[in-house]
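Only one chain is given next, in structure tokens, and it is the form predicted on its own.
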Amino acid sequence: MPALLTTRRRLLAGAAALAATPAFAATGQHNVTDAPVADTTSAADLVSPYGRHQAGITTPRPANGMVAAFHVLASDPSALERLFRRLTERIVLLTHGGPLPETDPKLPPPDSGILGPVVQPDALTVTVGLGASLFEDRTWLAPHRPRVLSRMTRFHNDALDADICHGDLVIQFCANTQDTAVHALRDIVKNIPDQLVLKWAQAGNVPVIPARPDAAPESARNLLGFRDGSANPDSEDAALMERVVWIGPGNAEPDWAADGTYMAVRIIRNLVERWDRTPLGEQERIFGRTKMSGAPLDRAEGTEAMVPDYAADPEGEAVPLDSHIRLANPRTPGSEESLMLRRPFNYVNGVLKNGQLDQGLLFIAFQSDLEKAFVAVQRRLDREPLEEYIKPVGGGYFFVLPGFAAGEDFLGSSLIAALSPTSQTSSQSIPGRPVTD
């Protein structure tokens, strides 16, 4: 392994344990798509931003999330390094929280103030990725582009709006409350206006379910009323995550990309008026699962945790051959390469000009190989029956940067080192107040 990666992993080894949060450990959540449970979180919940991987990927999904894409104003490696360092500073400050400083009333306040005089951590995670356009538009950066990073292309059912697609850089904000995610976005817009210009943003949430002692975890429901994430890979299985999510030696990626991941974002409008007038039986055949329990149709009296037995149903009499779950994961030899970790949110944007509700799914998925996972699954889903009720309108593909350690390390340091081996990145500390965990 190159010296750069060896040194980096030694730096991060001590920080990896900090990425877990004791507050979440008590919830019994085993999957990032498990529905948040009432009375199990608090404003004091802190998710450490430090570790081999960025937070907000395999950490439990809170009730609220947002994805924001930006244009980047950086014309050379030093400007990009400055951006990464400034983002690191804001991430550390925002995720740890604390009291706001006193300021001169004649000057603009340093904070929006929407969270009051003390900013609580509130389980905030801030996850940063890079888009293909960042590499395409800079000749000095192009040779370091991740191997399968590309612009999101149109699939059969897409009606993509250019105004809400792609971006040089993307940030995912997740938190217990929506105000915390909005506060974090506004903080970054306020503090880095000379290098980041907001292109589009989409907020979402998932329903919080009542606490029920000894109840099995449940996947959160989407706005079509079905459980979303029943067959998600177990995010607590570290070995599985190394294979499905994280970039490693077997992915043939640039050395700097180790411990990062690919992120697919899709803003998928749900045609809820049409869906709500569709018979229940047809809805269930379209998905391949029962609506209330989430159990596969060949085990309709079971639970969502049960696996469909396609070998015993070769003609699709129980689970239709063109059902969403069967096309997405046919469970045939080789289809395990298409596994990805989904972490979606529902969105409600009001009413369209035609009087229809603007509601849908902010689909987010992480994988070690974009082509083998999301793109391959989407190609299998082309022309599925569900397309009559959904319309993807935006999103993009991004490469999520590796994590960073406390102290002198910073987000994107491995990419900056690859750009300039003589860079002083390892000898400069992150600006801002010192933080220890």
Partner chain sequence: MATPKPLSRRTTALALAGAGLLAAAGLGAFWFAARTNPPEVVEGEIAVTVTDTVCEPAELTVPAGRTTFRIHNASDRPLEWEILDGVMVVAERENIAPGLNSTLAERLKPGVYDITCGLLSNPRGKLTVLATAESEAAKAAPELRYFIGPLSEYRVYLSRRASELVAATATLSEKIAAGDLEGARAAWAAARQPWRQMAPVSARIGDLANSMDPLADYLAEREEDPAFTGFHRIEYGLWGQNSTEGLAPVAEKLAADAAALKDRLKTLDVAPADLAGNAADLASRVADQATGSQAPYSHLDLAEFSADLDGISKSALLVDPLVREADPAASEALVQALDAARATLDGFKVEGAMPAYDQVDEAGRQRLSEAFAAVAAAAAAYNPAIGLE
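Numbering follows the first chain given and starts at 1. What you are looking at is a predicted structure, and each value in this text was computed from that prediction instead of being measured.
As for the form predicted together with its partner chain, it is not shown, yet the points below apply to it.
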| property | result |
| --- | --- |
| Its partner chain in the model of the complex: contacted by all of 133, 136 and 327, heavy atom 4.5 Å | no |
| Touches its partner chain in the model of the complex: residue 32 (any heavy atom, 4.5 Å) | no |
| 4.5 Å heavy atom contact, residue 303 to its partner chain in the model of the complex | no |
| Contact of residue 179 with its partner chain in the model of the complex (heavy atom, 4.5 Å) | yes |
| Heavy atom of residue 315 within 4.5 Å of its partner chain in the model of the complex | no |
| In the model of the complex, the residue from 361, 271, 319, 164 that sits within 4.5 Å of its partner chain by heavy atoms | 164 |
| Its partner chain: the contacting residue among 278, 153, 349, 335 in the model of the complex [heavy atom, 4.5 Å] | 349 |
| Per-stretch contact check against its partner chain in the model of the complex, the hit in 195 to 203, 231 to 239, 250 to 258, 143 to 151 (non-hydrogen atom, 4.5 angstroms) | 195 to 203 |
| Stretch 65 to 85: residues contacting its partner chain in the model of the complex, 4.5 Å heavy atom cut-off | 66 |
